[in-house]
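Take a look at this one chain, the form predicted alone, written out in C-alpha cells.
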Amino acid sequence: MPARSARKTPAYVVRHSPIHGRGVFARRTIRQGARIIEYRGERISLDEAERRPDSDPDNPYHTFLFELHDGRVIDAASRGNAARWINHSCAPNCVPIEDDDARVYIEAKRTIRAGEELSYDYRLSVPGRITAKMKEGYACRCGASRCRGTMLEKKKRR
C-alpha cells in the first residue's frame, strides 16, 4: 500500500474575487484565532522596494509589498505565496500578526465559514501628500456597510 502524504490540504483556495482580481477563500470553516498562512516573499529594504518596478505595470497602486515594523518590506511578487492574493476589507475577518522574527502570519479574527473570502485591513502607508489620483488608485472596493473608502491608513495629525 502506498504511503499517504503527510501534507495537509490548505484551509484556503485562490480563485476569482468579487472584490478585486484574485482572492483567497476558506475551503472549510476556520476557527477564530487560527493561523491560516504566512505572508511570504523576498525581504528587502524600503529603498529597494521603491526602486523596483510596480507589481502590475498597468496599475501602479496594486502592490504585493508588506511593510514590517523594522522598516524592511516583504515583496510577495518575488517568491511569494497565496497570501499575496488576500484582499483588503474595512470589515476584515483576518488580521496580520508579525512575530519577533519579523515573520507575518494571517490569522482568523473571527470564525470564517467555508466559501467566505479572507480579508484584512491593509492600512497602507505612502510617503508624502496623498493626491486625488492616489485616493482613486487606493480606493476600497470591499462593500462593507462601514467602508471607509480607502485602503490607506489614516494620516496622523500633528
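Just so it is clear, the structure is predicted and the values come from calculations on it, not from any experiment. Heads up: residue numbers just count along the shown sequence, starting at 1.
Below, we refer to the form predicted together with a small molecule, which is not included among the displayed structures.
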| property | result |
| --- | --- |
| Partner proximity in the predicted complex: Val73 to the small molecule, non-hydrogen atom cutoff 4.5 Å | no |
| 4.5 angstroms heavy atom contact with the small molecule in the predicted complex for Val13 | no |
| is_contact(His62, the small molecule) in the predicted complex, heavy atom dist at most 4.5 Å | yes |
| 4.5 Å heavy atom contact, Arg22 and the small molecule in the predicted complex | yes |
| Site check Arg84, Cys140 and Met151: each within 4.5 Å of the small molecule in the predicted complex by heavy atom | yes |
| Segment that reaches the small molecule in the predicted complex - one of 126 to 134, 30 to 38, 85 to 93, 108 to 116, heavy atoms within 4.5 Å | 85 to 93 |
